[in-house]
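As a starting point, one isolated chain is supplied in structure tokens, in the form predicted on its own.
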């Protein structure tokens, strides 16, 4: 099933695809009378018939259904962006495929990058949900200084400093007593000692992602994949 995106899906009636989605239809040689499936990123899936193809594709919505989020937990990832854009885009894409509800960029003391084009990340996210057949588009938040973020309850922080209080990631998740999983991943140089102390003062739980030192994007994907595989914790 090929999915197309429309920000606003009526229960019935006509809608016009935007330039990008119309171009996609043209590339696939869609014709008048063909039926296609549409998502709006808010959980709705619609079937529509093509009524017009020039100058943009115009559709008649035939039916629309709502799909609740498929997971019993919500996964929120807070991450310091990598120096190379393609690596943070790759992290976002793969985390969405595994199950991601929101993505917040954080600016830390050792951050090498201080701005990211959100429009590009939104395109990556939209492509990822279409490819993986998901109905909900994760929320992507603009970059914020770490200490200006309202610290969520039950925050899990991965860092490389030796800490006897660290728990294995999934063990910590299983003890959360919450269906909200909030994970913080630092920059390529890791969180500073001062930032780790700040997390501690906020009641965060420190977690281990194994014995190896992981890159920022690898750490984020590790958490996404581990949660996806370990979802029985939330049933």
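Please read all numbers here as calculations on a predicted model, not as lab measurements. Numbering follows the first chain given and starts at 1.
In what follows, reference is made to the form predicted in complex with a further copy of the same chain, a form of this protein that is not presented.
**Q** Check residue 211 for me: does it contact a further copy of the same chain in the predicted bound form (non-hydrogen atoms, 4.5 angstroms)?
**A** The answer is yes: residue 211 has a heavy atom within 4.5 Å of a further copy of the same chain.
**Q** Is the gap between residue 16 and a further copy of the same chain in the predicted bound form 4.5 Å or less for some heavy atom pair?
**A** Residue-level check for residue 16: no, no contact with a further copy of the same chain.
**Q** Mark residue 98 yes when one of its heavy atoms lies within 4.5 Å of a heavy atom of a further copy of the same chain in the predicted bound form, and no otherwise.
**A** Residue 98: yes, in contact with a further copy of the same chain in the predicted bound form.
**Q** At the 4.5 Å heavy atom threshold, is residue 93 in contact with a further copy of the same chain in the predicted bound form?
**A** Judged by the heavy-atom cut-off of 4.5 Å, residue 93 is in contact with a further copy of the same chain in the predicted bound form.
**Q** Answer with one of 131, 102, 144, 153: the residue that has a non-hydrogen atom within 4.5 Å of a further copy of the same chain in the predicted bound form.
**A** Looking at 131, 102, 144, 153 one by one, just 131 meets the 4.5 Å heavy-atom criterion.
**Q** Only one of 159, 113, 76, 71 comes within 4.5 Å of a further copy of the same chain in the predicted bound form by heavy atoms, so just point that one out.
**A** By the 4.5 Å criterion, the partner-contacting residue is 71.
**Q** Among 187 to 195, 51 to 59, 170 to 178, 32 to 40, which stretch has residues whose heavy atoms lie within 4.5 Å of a further copy of the same chain in the predicted bound form?
**A** Result for this chain: 170 to 178.
**Q** Which residues, if any, of 16 to 42 lie within 4.5 Å of a further copy of the same chain in the predicted bound form when only heavy atoms count?
**A** Nothing in this stretch is in contact.
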